[in-house]
Ligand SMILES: NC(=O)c1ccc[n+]([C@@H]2O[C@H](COP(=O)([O-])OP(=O)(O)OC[C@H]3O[C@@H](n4cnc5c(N)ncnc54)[C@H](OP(=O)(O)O)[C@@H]3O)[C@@H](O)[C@H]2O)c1
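Here we start with a single chain on its own, the form predicted on its own, put down as structure tokens.
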């Protein structure tokens, strides 16, 4: 049974107690509202169902009948016929923003203005100035704003980063990443330029994030894009140069069969991750040194459940979110530089 909700004021109290020492604080269930009826919501609903930290209590759609049908189907308390109604709902503590990319910042901003914490789907935005703007608002209001990059919360990701930083493959020299699946529907939101679609934003953001996690912030970016008829990049091939002469290369594509892969290549070995982004797909983590290949044991976990636990802890004031302002800003700067490099046909220095 979920603990009784005790209001947002409790989260501020929890933060004060935490700073003074290990004081017992009544648990708080964060009441979450879904901003849209997007398919990805299903992952959040499933994860929340097994959690005492988060309870999904409301959903919004621009069409009230659609919101009401969605609420009935998933057993939610309330349905709102507009996004404005949801962000104004006094019985909602936090918003999960699963709208199309172009609506991430505007509606996250409005939710924060209304006093709601926000967990926003990746990618937040490709414009660094917009990232700064929304985080400034969140910080000025004492609210949590976090990017929902679920793969970053899985223990597999932490283990791979730990192995690289701990010298398991010697000095890191290169990173290779792939994320692809076939997409031929030009009406899909991922193919619409007015919604900030494109392979780099949708799939490449994972590859960029993974490379940054292992190598730091890039110093220079270059890229090649293949445009769809709609004008977005149907495929993007990028190169990022990091400090210490580390080079990352990635492919993000709507033109190829499903594939996901991440490799960290060092002077003494290689780490191969078979399912770096969607860990529910089969894929081992292998550590290769010479002719030997050892399988790295990874605990079973639901990445979305880990993500919700991290977000709820931040809302309660128990810890900072795993993905904060600096990570979001670094991600936006890299994506912006990659797009500029592809459009201008030159390497872009950050």
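Positions refer to the first chain, counted from 1. Here the structure is a predicted model, which is why all the values come from computation and not from measurement.
As for the form predicted together with this ligand, it is not shown, yet the points below apply to it.
K.L.:
Classify residue 189 as contacting or not contacting this ligand in the predicted bound form by the rule of any non-hydrogen atom within 4.5 angstroms, answering yes or no.
P.N.:
Residue 189: contacts this ligand in the predicted bound form.
K.L.:
Indicate whether this ligand has at least one heavy atom within 4.5 Å of a heavy atom of residue 93 in the predicted bound form.
P.N.:
Although this ligand is absent here, residue 93 would stay clear of it in the predicted bound form, with no heavy atoms inside 4.5 Å.
K.L.:
With the partner left out here, check for me: in the predicted bound form, does some heavy atom of residue 212 sit within 4.5 Å of this ligand?
P.N.:
No, residue 212 stays farther than 4.5 Å from this ligand in the predicted bound form.
K.L.:
Report whether the minimum heavy atom distance between residue 51 and this ligand in the predicted bound form is within 4.5 Å.
P.N.:
Flag for residue 51 set to no.
K.L.:
Would 62, 100 and 123 all count as contacting this ligand in the predicted bound form, using a 4.5 Å heavy atom cut-off?
P.N.:
So, yes: the whole triplet contacts this ligand.
K.L.:
Go through 32-40, 321-329, 291-299, 308-316 and give me the stretch that gets within 4.5 Å of this ligand in the predicted bound form, heavy atoms only.
P.N.:
It is the stretch 32-40.
K.L.:
Please tell me which of 195, 180, 105, 163 lies within 4.5 Å of this ligand in the predicted bound form, judged by heavy atoms.
P.N.:
It is 195 that has a heavy atom within 4.5 Å of the partner.
K.L.:
Considering non-hydrogen atoms and a 4.5 Å limit, which listed residue (248, 134, 271, 148) is close to this ligand in the predicted bound form?
P.N.:
Looking at the other structure, the residue within range turns out to be 148.
K.L.:
At a 4.5 angstroms cut-off on non-hydrogen atoms, which residues of 291-317 are near this ligand in the predicted bound form? List them in order.
P.N.:
Only a single residue, 304, comes within 4.5 Å of the partner.
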